[in-house]
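There is one chain below, alone, in structure tokens, taken in the form predicted alone.
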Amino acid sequence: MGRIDRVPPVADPERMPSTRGRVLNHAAGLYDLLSPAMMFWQEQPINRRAAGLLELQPGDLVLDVGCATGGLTESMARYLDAASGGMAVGLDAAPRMVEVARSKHASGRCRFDIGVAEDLPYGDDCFDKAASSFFFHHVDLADKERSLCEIHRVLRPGGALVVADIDVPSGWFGGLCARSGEWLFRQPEIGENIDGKLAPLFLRSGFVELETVYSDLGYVSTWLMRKSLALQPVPG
């Protein structure tokens, strides 16, 4: 079996997948205009830096969870070589987001699937690396943990995960930005991140070697972690 055969194509569902998370299907057309401005034009710099943290090799298979219009997926794909079996796979629950991502970035080293993070449509231990940026503040605490457990499942032992998202604010500016977003979008899921409830889930989901690598804008953190190389206990 070739490397790319570990992640065969996922058929588009006939209907939008069911999830309790915030699905930004309605915002797909404006996302690339509004999202950078709301992040003070730091979203793509943060994405590029996150991709660099993974130390990607040309033949790696890498997953972007909650890919939106594919900015992080494309940043990772630049390190990959299709001829060596490398591919970046972006996954999002919003079909219109995936449609935009495909129109902008789809290539031999970049693919986009429709699906939900809490039930990833991939086999165990099939991706070498994984990443997610600004996804976890769209799902509640239970689905944050379910999604992380799913990412852990599909990562190969020793594989790295990078997450960039809203975190506990530092300073008045960070606090103002974070709480304004929670209030403006009426998202208690953002409040969970602000209250520091995301980071502990990384270790609870089985990841090790957790470190906070970067802090940006006073309310965004970038974390790096790994799936252990140790053999997992056999149930029963």
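Please read all numbers here as calculations on a predicted model, not as lab measurements. So that there is no doubt, residue numbering starts at 1 and follows the sequence shown.
This next part talks about the form predicted in complex with a small molecule, which is not shown.
Q: State yes or no: in the predicted bound form, is some non-hydrogen atom of Ala77 no more than 4.5 angstroms from a non-hydrogen atom of the small molecule?
A: No.
Q: Find out whether any non-hydrogen atom of Arg226 is located within 4.5 angstroms of the small molecule in the predicted bound form, and reply yes or no.
A: Close contact is absent here: in the predicted bound form, Arg226 is far from the small molecule, nothing within 4.5 Å, heavy atoms only.
Q: Could you confirm whether Cys67 comes within 4.5 Å of the small molecule in the predicted bound form, counting heavy atoms only?
A: Heavy-atom contact with the small molecule at 4.5 Å: present for Cys67.
Q: So in the predicted bound form, does Gly71 come within 4.5 Å of the small molecule, heavy atom to heavy atom?
A: Output for Gly71 is yes: heavy atoms within 4.5 Å of the small molecule.
Q: The small molecule is absent from this chain, but in the predicted bound form, do Glu43, Ala94 and His138 each have a non-hydrogen atom within 4.5 Å of it?
A: Result yes, every residue of the spot touches the small molecule.
Q: Please tell me which of Val100, Ala160, Cys110, Val116 lies within 4.5 Å of the small molecule in the predicted bound form, judged by heavy atoms.
A: Of Val100, Ala160, Cys110, Val116, the residue with a heavy atom within 4.5 Å of the small molecule in the predicted bound form is Val116.
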